[in-house]
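The chain below stands alone and is given in structure tokens; this is the form predicted alone.
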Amino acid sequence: MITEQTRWTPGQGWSPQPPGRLPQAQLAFLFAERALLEGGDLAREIRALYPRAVVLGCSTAGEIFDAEVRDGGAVLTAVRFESSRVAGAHAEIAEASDSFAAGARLAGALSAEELRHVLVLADAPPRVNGSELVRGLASVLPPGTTITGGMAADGERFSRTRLIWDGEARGGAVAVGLYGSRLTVTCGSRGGWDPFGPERLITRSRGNVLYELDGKSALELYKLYLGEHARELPAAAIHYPLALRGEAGCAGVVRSVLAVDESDQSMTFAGDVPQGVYARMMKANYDRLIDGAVGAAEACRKARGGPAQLALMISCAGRKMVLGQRVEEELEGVRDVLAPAALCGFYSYGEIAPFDGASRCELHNETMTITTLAEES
């Protein structure tokens, strides 16, 4: 496997070198500021430079290049495999209720012999229900096929997001299948948030909208625990996500708050909050967030048993906002564990990954998820 990496920043252009030095690449990731993608010129430029490649990407809340994160630019990573192959697919999603069917369509287009892994990118909520998209993929893909990816982002604006597919700006979801007996893929996903307060039962919810915990207004309970910070909702909630208890013996997922509605006392989350599941509030702990990123990298290294050649990092926009100036510490921690792998990725509105290589895939919030690739000799 050979990789080429470069990035574009305002005023400097492409650095450390212009793209296109690997024209035989079969795969190219393009992560960028939304404004750079909407016209389609940048995507078409990259498509022309890599005519044999599946080119896919999305808008971000920060682009990852090695152990650095920048806003307002673009990061390109092109990959040429020695023996593995790739195939891609795109699915339009007119409304969130179509997310499961779209996931099934993507999986149907990619299912084939020697399919090792599927990488998926999708528009952010409310246009796409990431939980249902993942379930749709898993319902069709062959047993044992792992899935990772993420939801596109739009900085801290939380407005609209864009995907890149086949040299054009698109909506919906895009996916690429990775195939080959020599290809090994590992993944890790960790959070690092501290729990506080009692565990409560979700007694009323619909999709990603939460109304009641233990029969009481979820919003009022949230305000009670936030105290003086309650007046800063929903912005303050980025520091206080909700953890859902998993099935017996399994870790739970974390959900971040997108919006609150005073009129019906509801809270909208970035992923589903199913009725009948137990939930508990979480709070930020800077060191543990960084340790969580390192833990995700260590899970990948342990599962692989050898060095990776490429690591795709998808971390949450909420983590970036909470960590602030310390955000690159989580990237540096990953680099320390996975060097000499090439590192790329973006900050997202939702992360798609299993907790480990054996568990089912889930939509996460507030996590660092890592996918490593290598071709065995």
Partner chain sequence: MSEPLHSLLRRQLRRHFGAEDAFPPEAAAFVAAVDAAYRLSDEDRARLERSLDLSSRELIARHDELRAMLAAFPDVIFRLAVDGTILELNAGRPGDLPLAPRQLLGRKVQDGLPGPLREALELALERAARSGEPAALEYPLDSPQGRRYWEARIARCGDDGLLMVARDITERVTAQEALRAQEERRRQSQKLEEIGRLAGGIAHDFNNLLTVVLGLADSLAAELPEGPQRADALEILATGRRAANLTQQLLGYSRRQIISPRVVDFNEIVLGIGKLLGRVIGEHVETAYQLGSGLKPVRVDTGQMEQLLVNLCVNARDAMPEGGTITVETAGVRVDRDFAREHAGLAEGDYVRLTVRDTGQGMSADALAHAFEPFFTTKEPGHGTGLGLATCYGIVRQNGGCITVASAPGRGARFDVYLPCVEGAAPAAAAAPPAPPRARRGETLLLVEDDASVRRMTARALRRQGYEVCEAGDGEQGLEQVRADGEGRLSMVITDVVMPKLGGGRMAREILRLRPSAKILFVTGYTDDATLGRGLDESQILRKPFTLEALVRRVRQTLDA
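What you are looking at is a predicted structure, and each value in this text was computed from that prediction instead of being measured. Positions refer to the first chain, counted from 1.
Not on display, but discussed next: the form predicted in complex with the partner chain.
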Just to confirm, Glu168 within 4.5 Å of the partner chain in the predicted bound form by heavy atoms? no
Does the 4.5 Å heavy atom contact test between Ala284 and the partner chain in the predicted bound form come out positive? yes
In the predicted bound form, Glu332 touching the partner chain (heavy atom, 4.5 Å): yes
Residue contact check: Arg52 to the partner chain in the predicted bound form, 4.5 Å heavy atom: no
Would you kindly say which of Gly215, Gly227, Gly305, Pro143 lies with a heavy atom within 4.5 Å of the partner chain in the predicted bound form? Gly215
Of Ala101, Ala112, Leu201, Ala259, which one comes within 4.5 Å of the partner chain in the predicted bound form, counting heavy atoms only? Leu201
Choose one stretch from 42-50, 339-347, 321-329, 27-35: the one whose residues place a heavy atom within 4.5 angstroms of the partner chain in the predicted bound form. 321-329
Whether Arg245, Val277 and Arg280 jointly form a contact site for the partner chain in the predicted bound form is the question; each needs a heavy atom within 4.5 Å. yes
